[in-house]
Each structure stands twice: as C-alpha cells, then as structure tokens.
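Next up: just one chain, as structure tokens, the form predicted alone.
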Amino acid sequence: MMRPEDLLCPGPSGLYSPLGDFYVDPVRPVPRALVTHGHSDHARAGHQAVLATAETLKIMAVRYGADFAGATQAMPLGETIRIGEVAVTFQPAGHVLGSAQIVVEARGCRIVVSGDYKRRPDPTCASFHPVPCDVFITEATFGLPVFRHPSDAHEIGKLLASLEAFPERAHLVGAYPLGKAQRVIRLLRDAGYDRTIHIHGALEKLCRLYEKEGVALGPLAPATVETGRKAEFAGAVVVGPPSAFSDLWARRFPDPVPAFASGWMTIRQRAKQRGVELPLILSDHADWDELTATIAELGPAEVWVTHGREEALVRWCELAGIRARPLHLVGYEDEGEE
C-alpha cells in the first residue's frame, strides 16, 4: 500500500493530491478545487474548476455571484468518479446544507477529508455518513473535553421559555447566516413555534435557497422597524448575524433580549464579553465526545487534524494507540459558523 502522503499532502494552497492533480478546500485560487461545503473558509471564489455538491455550488453562487469559478461540476452524494488515478466519492458531513466529506482512494489507500462535521441529527442537512478509512482528516474546532454540547431540544427550550417569561421583549438571536440561522429557525418550528420569525436582510437569500432545497422554514418577514412600529416586535423572534446586534440596528427593538447560538456559548466568559443575556449552545461542529467517538468508530490507522484545538485531539489519539499529527493548515479560521 502506498504512503498516505503520496495520495494527499498539505501545501501552501491546502491539501493537494499529486495523483489526481486537485486540491481539497484550497485557500487560494487553483486550477481544480474539490470543495466540502459553502462556508467562506473552505469555499473561495476564483478557481478555474470546482467540484462540489449541487447545494454547495448554489450556495457559492449566492455568496460570490454566478461567475465564482471558471467551470463547475455537481457531485452527487455516494457516487464515485475518477480524477487521474484517484477514485473520489462525496459523502454527507452533517455540517450545513450540501456539506460533504471527500473520500479519496488510490492504490489501496483511502483517506477521508471530513471538512467540518457534526454527528447529531439536523433537520436542515443530510446526516454524517461514517466511512472506514486508513487516514481520517478531522477538524477540532471544539477539540477540548470542556466542550460537551447539550441537546438541541434543551437549548431551543431555553429560548421558548424566555419568550413565555418576557412577552414584552423582542428576542434577538445571533446566528451565522449560512447553516446556523436556518437550523435555529427550523428547530423552533419543530418545537411548535408557528409565529412569524423576523430575519435580517443578510439572511434572506440563503433562507430562500434553503426553502427551494426543501427545508421548510415557515413564515418569515424582514426585521425592519419603521417609525411607530417598534411595539409590534414585542415578544417576537428576530434572527440575524451576530455582528448586526452590536450596532444601532439592534436598538430599534423593544427592550431586546440578546441571544447567541454558538458552541462557544459553553464558555460563560465569552457570553459575558459579548453582552449575551441568553446563551444558546448550538454548534454545527462535533463536540469533544463526538470527535473522539467518530475516530473510534472509523478505526483509522492515522488521524490528521486540520484546524482548531489540534494538540488535545492528537494527544487523545496517541493515548488510544492511533498515530496522529496536526497539519497546521493556514486559512481555516472559521467564518464564524460554530
């Protein structure tokens, strides 16, 4: 069997396959890019050719414009194509709409590039599909034992309880525009909340795309406050990018309850620093238990850690008898979708 580094190796532009002459989630424009999902730290404009799921290509077009790449090809989940000497398969990652793991295989060696992923069910995207492999390339955004995320139902329950307790106050939920915002909205719907949810303009196009792709979000309306209408938002849910809640826009709402949906809300000091009154621990990434359980389930001979809390996860692998190393890739600093 060949060395894994001969199939996929880190470089200045990202992970590169010499046998296929392609890059996975490159951080700068390249001739051929395979893209795991639509967040901006993984999906960049300017490549000559992009291979991704149909949903990811649509997300990139919404965010960057229709001419974001010289050429594009949609890759159905579960199908295999050959690129040079490499067999390439996309499998669901459970991160956001269209997110995929990229499985590359040649000469008896299989590497799975997970991209970003989570293991718990998400009504807005396909669930993670485990693929046994020789090398598993994992993220470690929440790769510390302190990060053990509660259930989605528990966190949405906190929001619903606050709405009931403070019917005169608008609840401003900070949620990143791609993935998190739509997930929060859908979780509210699944919990029985059927009132109109107001959204910031930065969410409109992506929410519309999610609905076109079959993710029902229920009644939505623009979160615009005109003169004399401030009281109409009493008891309303307003969802927008976290950055919007630190400017004058947020002050237009009646006695707002600042909330923030993020895995980082596990750390109380972060919530306090951001002025968050209602922290909602909702993450689109695997927590510590999910990271370690996934590695144990897949049984790889090696684990490569791409970004996040690399050292702790590498050490866990070593104690478990699994070879592991950090890749120290530059450019995956998170768009803020945690």
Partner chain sequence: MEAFADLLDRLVLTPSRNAKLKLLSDYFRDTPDPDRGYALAALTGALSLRGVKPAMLRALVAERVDPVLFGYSYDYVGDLAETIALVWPAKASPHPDPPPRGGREKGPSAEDFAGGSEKESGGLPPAGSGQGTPSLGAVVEALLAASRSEGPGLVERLLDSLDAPGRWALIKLVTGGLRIGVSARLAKQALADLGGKEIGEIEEVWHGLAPPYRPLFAWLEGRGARPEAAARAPFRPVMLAQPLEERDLGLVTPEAYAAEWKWDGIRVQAVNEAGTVRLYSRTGEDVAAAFPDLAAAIDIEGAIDGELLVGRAEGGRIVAGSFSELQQRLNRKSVTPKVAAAYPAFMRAYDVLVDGGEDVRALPFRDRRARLEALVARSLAGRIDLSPLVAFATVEDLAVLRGRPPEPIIEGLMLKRWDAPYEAGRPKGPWFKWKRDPHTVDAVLMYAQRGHGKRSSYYSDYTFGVWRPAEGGGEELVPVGKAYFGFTDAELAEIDRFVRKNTVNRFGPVREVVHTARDGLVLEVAFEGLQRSGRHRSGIAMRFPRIARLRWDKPPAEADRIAALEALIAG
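Positions refer to the first chain, counted from 1. It should be emphasised that the depicted structure is a prediction, and the values quoted were computed from it without experimental measurement.
Keep in mind that the form predicted in complex with the partner chain is not shown, yet the notes after this line are about it.
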Margin query: For the three residues P145, S151 and G299, which mark the spot I'm curious about, does each lie within 4.5 Å of the partner chain in the model of the complex through at least one heavy atom?
Written below: yes
Margin query: At 4.5 Å between heavy atoms, only one of the stretches 290-298, 49-57, 29-37, 66-74 reaches the partner chain in the model of the complex; which one is it?
Written below: 290-298
Checklist line | The unique member of A250, A234, I267, L220 whose heavy atoms fall within 4.5 Å of the partner chain in the model of the complex | finding: I267
Margin query: Going by heavy atom distances of 4.5 angstroms or less, which of G201, P123, G78, P132 would be at the interface with the partner chain in the model of the complex?
Written below: P132
Check: Is L319 a contact residue for the partner chain in the model of the complex, using a 4.5 Å heavy atom cut-off?
Finding: yes
Check: Quick one: is V276 in contact with the partner chain in the model of the complex, heavy atoms, 4.5 Å cut-off?
Finding: yes
Note to self: Residue-level contact is defined here as any heavy atom of the residue lying within 4.5 Å of the partner chain in the model of the complex; does A165 satisfy this criterion?
What the structure shows: yes
Check: Does any heavy atom of V257 come within 4.5 Å of a heavy atom of the partner chain in the model of the complex?
Finding: yes
Next item on the list: Scan 39-69 and write down, in order along the chain, each residue with a heavy atom lying within 4.5 Å of the partner chain in the model of the complex.
Entry: none
